[in-house]
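Next up: just one chain, as structure tokens, the form predicted alone.
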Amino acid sequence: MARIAYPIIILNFKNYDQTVGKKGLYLSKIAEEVAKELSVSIAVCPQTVDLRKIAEEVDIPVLAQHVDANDSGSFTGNNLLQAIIETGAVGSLVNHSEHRLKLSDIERIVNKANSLDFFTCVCSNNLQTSKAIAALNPVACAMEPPELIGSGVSVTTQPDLVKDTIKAITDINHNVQPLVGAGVSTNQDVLEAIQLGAKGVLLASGFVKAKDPKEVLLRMAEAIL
């Protein structure tokens, strides 16, 4: 089973039309090709219904976009963590700005995930939230200013915020890997994020909606190298 390494590029497929079914598998295959060609860590976050198929077809980390805090039982429409693990996914995003959770639910998810050796990348929307999340001991914390998500304006255009957030995360819990995202769409964005101290980046539309997604991802992977 593919494991997480750093620095890492995490590709969130969201619910874009370009990532449904076979199209999601196609993009995942591209990510696998680039990861192996350049020996760079790349993970994909497909739509939930495609997790098992993609996890069976590629040899890179496959992550869920969301898991719920509930235990097994009389719940409907939730993403049970144990069921996500059964798909072959090795981890999940948690608390993305487009699917926010209460801090108490984040804590339950992280605790359960840690007990099952399941990777969690908990998203935060600012410096203060990043501090609170770091104290919960997820594997990674990704700061993404919500106003920049999908904007094409990279989080790295706010270097002081990035540096302050990374320092805050590592000061509170040096075991938590600090990542950044929002608006990351070019190799320069990736390079600047790594230079500012991030252990990886999250991105979505910059890859998913690219005319030549492999070329875009190759340039980003080269920037990490």
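Sequential numbering from 1, following the sequence displayed. Values in this document were obtained by computation on a predicted structure and should not be read as measured data.
Keep in mind the form predicted in complex with SN-glycerol-3-phosphate (G3P) is missing from the figure; the text below concerns it.
Taking the partner from elsewhere, no residue among Ser41, Leu217 and Ala221 has a non-hydrogen atom within 4.5 angstroms of SN-glycerol-3-phosphate (G3P) in the predicted complex. Taking the partner from the other structure, SN-glycerol-3-phosphate (G3P) in the predicted complex has a heavy atom within 4.5 Å of a heavy atom of Val184. SN-glycerol-3-phosphate (G3P) in the predicted complex comes within 4.5 Å of a heavy atom belonging to Ala204. For the chain shown alone, Asn12 is a contact residue for SN-glycerol-3-phosphate (G3P) in the predicted complex, at least one non-hydrogen atom being within 4.5 angstroms. Within 4.5 Å of any heavy atom of SN-glycerol-3-phosphate (G3P) in the predicted complex lies no heavy atom of Gly88.
Only one listed stretch (78 to 86, 146 to 154, 104 to 112, 128 to 136) carries heavy atoms within 4.5 Å of SN-glycerol-3-phosphate (G3P) in the predicted complex, and that stretch is 146 to 154. Residues in 42 to 70 all lack a heavy atom within 4.5 Å of SN-glycerol-3-phosphate (G3P) in the predicted complex.
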